[in-house]
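First, one chain by itself: the form predicted alone, in structure tokens.
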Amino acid sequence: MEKSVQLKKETIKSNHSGAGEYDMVIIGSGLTGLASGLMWQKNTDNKRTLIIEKNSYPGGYSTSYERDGYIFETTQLFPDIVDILKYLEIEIDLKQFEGNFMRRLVVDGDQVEEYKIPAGTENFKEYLVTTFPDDADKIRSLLDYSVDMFKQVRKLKAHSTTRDKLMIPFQAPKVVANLNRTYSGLLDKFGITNTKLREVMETFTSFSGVPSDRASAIYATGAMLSSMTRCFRPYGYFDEYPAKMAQLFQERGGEIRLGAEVEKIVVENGEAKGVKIKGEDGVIGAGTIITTVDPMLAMRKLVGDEHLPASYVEKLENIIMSVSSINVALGLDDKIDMTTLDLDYPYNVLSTGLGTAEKLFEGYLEGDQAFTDDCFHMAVICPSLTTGAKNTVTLRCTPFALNQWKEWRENDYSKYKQEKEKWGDFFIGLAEKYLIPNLSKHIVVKDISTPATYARYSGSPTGSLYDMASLVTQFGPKRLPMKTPVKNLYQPKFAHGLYGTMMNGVQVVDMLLDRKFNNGNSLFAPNNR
């Protein structure tokens, strides 16, 4: 089948000069790495900067790829980061979802409850009040409180001085009150006991595969408000965004080396000196190194425990990494009219009722999975409704653990393929039953990614999608700090998702430049917009 389009990521080529020394070396050309590079360029003069990427294209987990003439995507939602785009002078044509943010189906036996969650916080509030009138006062109180708490987050500093810390109780009392509160606890605080209402509200913690009784209330609130306030997706394919970032980075004097895997971060006397590329002799020297890859890979393998304090190694050992996923990408024939199926939302979410996230997460922690016909959660996305390309559907199913997937893939490929097809058929069957009638009859191309795929692609030892899990026990000051115990080595892991990855770049560069452009703020609020 003839290829339908050249993906934008394929236009980005290495422009490595071969220099042996740089002011800044960034490991990984995902959105965090690219954002860090662009922020660094904008706020420094003539600093030699190199981004090293093991894959042949930039973008990390935010990308697009082709299979037999169909274009599939790994990213679903473009949140409200328009102010960062303007600051970095990135131009991208975005479709704004001005009606509904999400179509949500909750399955309970033979009963299916359907919700259409609107975009915009005030719209969401009024929708909930209309849908659950008996809880109207509780809903208004919860959402007003949530908005106010998120405003207080903006007053915090990412890397607090002693004075900053003394001011926190006065500037952000709601943040202090909720620092150790789960999202389930926040719903409890406002007396929300209606099971169906909780099912809707807890949708926002399920995005990352974490149940509400373990998810940070602050993080979940931030994820909800940053994604639904204004939400977009590119009219083109999602790889266009990192490709444009990479192009700008190169045009502004930065170098990108693709197809090069960092084998070692060279540490001498507690200080990062440079990086060694796999299969090559010599070291690329660096004044500063930013690593954006999985912390278990970066710190345990590339640095090595011998260069880390015992307390830091212990903290690494106790971290729960985020979940992995099974992703089913489907190319459909032109006999199905996708425009008639009411699927044009950033997310169509299909799951069983309250308690599902807890069961699935427990299965993940046990190193397996807990999906059954009566316990499931998945997102259904239809990017071709925006791009206008040939019909595609993506089924994203979390949480899964790496478990035996890697072993099967490496040592028993027939078993690997059998398990992959089994789960692919399982999720296709759910989508067919509840959202896309006769889906299986229209499938032309099927491409299934497993936890082993993510582990191989990113180097993550667990196949993690989002680095550290967004648990309340790993939130805020309890997360790994951006400044590592190794001098001149930084690890920006503020948050995951497109909003979080861009903020990672803001925070780490602002810290390196002593608050030069963002004044130490936890969220984007530069001194000179």
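The structure displayed is predicted, hence computed values, not measured ones. Numbering starts at 1 and runs along the sequence shown.
A second form of this protein, the form predicted together with a small molecule, is not displayed here; the remarks below concern that form.
Judged against the small molecule in the model of the complex with a 4.5 angstroms heavy atom cut-off, the residues Gly30, Tyr457 and Tyr466 are in contact without exception.
Considering the small molecule in the model of the complex, the lone stretch of 60-68, 469-477, 37-45, 483-491 in range is 60-68 [heavy atom distance within 4.5 Å]. Residue-level contacts in the model of the complex: of Glu113, Glu261, Asp344, Asp80, one residue has a heavy atom within 4.5 Å of the small molecule, and it is Glu261. Of the candidates Ser206, Thr74, Thr387, Asn100, Thr74 is the one whose heavy atoms come within 4.5 Å of the small molecule in the model of the complex; the others do not. Using a 4.5 Å cutoff between non-hydrogen atoms, Arg396 counts as a contact of the small molecule in the model of the complex. In the model of the complex, the small molecule sits within 4.5 Å of a heavy atom of Leu498.
In the model of the complex, no heavy atom of Ile139 sits within 4.5 Å of the small molecule. Taking the partner from elsewhere, Leu297 is found to have a heavy atom lying within 4.5 Å of the small molecule in the model of the complex.
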